[in-house]
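Next up: just one chain, as structure tokens, the form predicted on its own.
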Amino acid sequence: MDNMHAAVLYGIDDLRYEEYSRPVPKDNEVLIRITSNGLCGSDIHFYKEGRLGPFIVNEPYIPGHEASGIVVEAGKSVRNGLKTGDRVVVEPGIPCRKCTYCKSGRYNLCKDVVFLSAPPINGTFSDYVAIPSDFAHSIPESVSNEMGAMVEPSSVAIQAFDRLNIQAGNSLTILGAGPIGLITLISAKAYGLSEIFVVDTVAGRLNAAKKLGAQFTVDNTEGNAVHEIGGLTKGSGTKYVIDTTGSSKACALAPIIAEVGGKIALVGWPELSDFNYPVEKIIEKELDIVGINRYANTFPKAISMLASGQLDLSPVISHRFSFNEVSKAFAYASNNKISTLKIMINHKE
């Protein structure tokens, strides 16, 4: 069996670039040579903590799930037109396609979903990946390899907008100016939101949000976000609030910041599963709150928006590494969290 190189996570702070068995595609799969990989915050959780939620690193596995590549082999049952040489992006959540959720179009909720990079399932930090052909999406020449790798995180923002039924001309508060928060900001501008507030406690990230078009940036280091947004909106708050922080304290601000009749999307996974939440504000304001669990049917839209120029996510990429430096990239992201946005890891052509 042919070998390849892969980034194998053995345990906390133990990521190794080493030889690994090259996957053999099944009849319904395509074999993809990876060209670019985005480094996700969840990858760093597994690297630093050995777990994320219910997923635990109990044995060596390959992380990564934000990837683009080139088809090098197609199984004999592939019928969606993919062929050798096609450029694609990987949609990493593979559902059963048979359950009620899959048949209703909400396949991200499938109980039997297989998500690349959720231990023990291998992900995309490798030279090659084999996946079912219907979860490899073609990209045009106008979408670069790096932007192809950004389709997955941008799909999170699009899922939030679809679930909120976002209407142009309204106001939005984004809690958190990390990579997903900034991608949400860029997407919000493409969706035609009129006033966008971005809240964070890191000055560098707030500066990035300002450069990317946020009308208002709010430093919540001293807990001033509610007061400042209230003043800027004459006490009404914003129509939409999207929390991307992964912070229970920030998450609990959303119902207070939302305007009467507003809508909230919870994207970030708080560090606590149970915490105080202002339920009285939800009832009083008759707020709608939606949870965002990855995405469903968003990749074609994200690809289209990137191809047309509606989305330009290149400013979110702060650092680049070559694949043989992948261990260095993980260590850098782990040790420089505040100054790092999206790290892109590129393979040699």
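All residue numbers refer to positions in the sequence shown, first residue = 1. Here the structure is a predicted model, which is why all the values come from computation and not from measurement.
The same protein also has a form predicted together with a further copy of the same chain, omitted here; what follows describes it.
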key: Partner-facing stretch of 63 to 71, 318 to 326, 304 to 312, 32 to 40, counted where any non-hydrogen atom is within 4.5 angstroms of a further copy of the same chain in the predicted complex   = 304 to 312
task = Check, residue by residue, if S144, M147 and K210 all come within 4.5 Å of a further copy of the same chain in the predicted complex, counting heavy atoms only.
result = no
task = Counting non-hydrogen atoms within 4.5 angstroms of a further copy of the same chain in the predicted complex, say which of V88, I131, C251, A225 makes the cut.
result = C251
query = Pick from V202, A118, L82, C102: which has a non-hydrogen atom within 4.5 Å of a further copy of the same chain in the predicted complex?
reply = C102
message = Taking any heavy atom pair closer than or equal to 4.5 Å as contact, tell me whether I56 reaches a further copy of the same chain in the predicted complex.
response = no
task = Report whether the minimum heavy atom distance between T233 and a further copy of the same chain in the predicted complex is within 4.5 Å.
result = no
ask   = Does a further copy of the same chain come within 4.5 Å of any heavy atom of V290 in the predicted complex?
value = yes
ask   = Can any non-hydrogen atom of S126 be found within 4.5 angstroms of a further copy of the same chain in the predicted complex?
value = no
Residues from 170 to 203 in contact with a further copy of the same chain (non-hydrogen atom within 4.5 Å) in the predicted complex = N170, K189, A190, Y191, G192, L193, S194, E195
